[in-house]
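One chain follows as C-alpha cells, the form predicted alone.
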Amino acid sequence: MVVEAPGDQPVPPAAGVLPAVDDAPARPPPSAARGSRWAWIGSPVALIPLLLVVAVAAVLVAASHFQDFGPSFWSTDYNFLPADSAASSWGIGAFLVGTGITAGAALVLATVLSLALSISIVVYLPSVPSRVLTILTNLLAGIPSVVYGIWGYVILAPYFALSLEPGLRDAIGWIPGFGGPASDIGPHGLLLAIVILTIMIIPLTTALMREALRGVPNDLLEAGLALGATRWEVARRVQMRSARLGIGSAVLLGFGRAIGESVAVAMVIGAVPMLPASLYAASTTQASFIFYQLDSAFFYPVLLRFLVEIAIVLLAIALVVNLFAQRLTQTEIATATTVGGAGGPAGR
C-alpha cells in the first residue's frame, strides 16, 4: 500500500510489502459492452456472399445434371440441330479458345497501359494532374458495357475493316495471327473485341495497381533516393518489386472481368462458334455465346441445358481466378503492414 505524507507526496511501500490489489474484475469499456449485444448480427450477414455463391452453383448444377459433360464436351465440334437434337454436338472448345484469346490479349495490353498510368500518377505527375488523371480513369469504369459495344460497332468497326486490319495484314502478316485469308477481315472479329475489352478493364487494373504502388512505405523510397538512384530506378527496383503481389492481384481481377464480359463483346466479335484462323476472324466467347443464344434457348430445352453447362465452366474459372487474386491481395496487405511500420504509405 502507499502512505500519504503530510505534503501529499506518496511514500513507497516498505521492502517486502506488496501493494494492495483490487480484486474486482475489470469492466469493459461502455462502447465494447454495447457493441457485444449486436455482435451476433455480423456472423449471419457475413455468410450472405457465400450463401449466394452456393445457391447460384446449386441452381446451375440442378439445371444441367452434368448431362453433356464428357470428352466430347471439351471438343471444338459444336453443331445444334433444332430438328434433330439427338444428332447435335455440344463442344465448347471454340468458346474456350475465343475466351482465352480475347481475355488473354486484352489483359496483356491492359497490364502494360495500366502499369504505365499508375507509375505516372504515383511517381512522376504533380498532385493536380495526378488527381485529374485519376478521376478520368475512374470515370471509364462507370460507363455501361453496352455503350462500349455500340461505340465499337458504330465507330471502330468500319475503321478496323477498311483501314487498320488490311494494313496490319499487309505489314505484319508473317506474324502468327495477323495473317490469314482476306475474307476474315470485316466489321466483326477478335481484334476489335480485344480492343474493347482492353479499354473496359483498364480502369479496374489501374486503380488496383495505383493503390498497390501507393502502399509502399516512404522509408523504402527515400532510402533508394538517398543512395543516388533515380526516380525510375526507385520505381522499378523498389516500388514495383514491393508491390508485385498487389500488381499480380490486379492482373488476375482484370482477367476475371475480361472473361465474364458479354454484352460489349457480343456486339463486336461476330458470334461464330468456330476456331478462328486469324485475329481478324469472327469468333465467340463463353459469355457472349450465352448472351446471343439465351432467347432461343427457352424454346429448346437441350440448348438451355448446354448454356447452363457453359455457365458452370465460366463460374468455376471466375471463382478460381478471384480467389487466387484475393489471396494475393491479403498477402500484400499483411506484408505492407509488417514492413511499413511507421513509414506510412507513399504517393499522393
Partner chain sequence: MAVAVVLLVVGIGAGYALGKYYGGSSSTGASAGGCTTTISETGSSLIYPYLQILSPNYTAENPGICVSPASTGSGTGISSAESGLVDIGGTDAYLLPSTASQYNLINVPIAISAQLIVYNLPGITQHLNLNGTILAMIYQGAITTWNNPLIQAANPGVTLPSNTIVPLHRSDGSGDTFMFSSLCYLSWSGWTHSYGTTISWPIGPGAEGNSGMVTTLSSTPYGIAYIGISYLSEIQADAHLQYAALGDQNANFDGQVASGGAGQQNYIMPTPQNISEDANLALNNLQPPSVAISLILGGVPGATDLVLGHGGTNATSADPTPYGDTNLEYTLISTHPKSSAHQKWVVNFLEWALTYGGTYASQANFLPLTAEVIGYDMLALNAVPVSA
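Positions refer to the first chain, counted from 1. The model shown is predicted, which means the values in this text are computed figures rather than measured ones.
The same protein has a further form, the form predicted together with the partner chain, not shown here; the description that follows concerns it.
- Candidate site formed by Val108, Pro217 and Leu245: none of these residues places a non-hydrogen atom within 4.5 angstroms of the partner chain in the predicted bound form.
- In the predicted bound form, the partner chain lies within 4.5 Å of some heavy atom of Pro187.
- Using a 4.5 angstroms threshold between heavy atoms, Phe178 stays clear of the partner chain in the predicted bound form.
- In the predicted bound form, Gly91 stays away from the partner chain, with no heavy atom inside 4.5 Å.
- Although the partner is absent from this view, Gly270 contacts the partner chain in the predicted bound form, with a non-hydrogen atom inside 4.5 angstroms.
- Among the residues Ala207, Val238, Ala161, Val97, the one placing a heavy atom within 4.5 Å of the partner chain in the predicted bound form is Ala161.
- This chain appears without its partner; in the predicted bound form, the one residue of Leu81, Ile172, Ala223, Leu275 with a heavy atom within 4.5 Å of the partner chain is Leu81.
- Residues are counted as partner-facing when one of their heavy atoms sits within 4.5 Å of the partner chain in the predicted bound form; in 294 to 322 these are Asp295, Ser296, Phe298, Phe299, Tyr300, Leu303, in sequence order.
- In summary, the C-alpha positions of Ser85 and Ser262 diverge in the predicted bound form, ending up at least 3 angstroms farther from each other than in this conformation.
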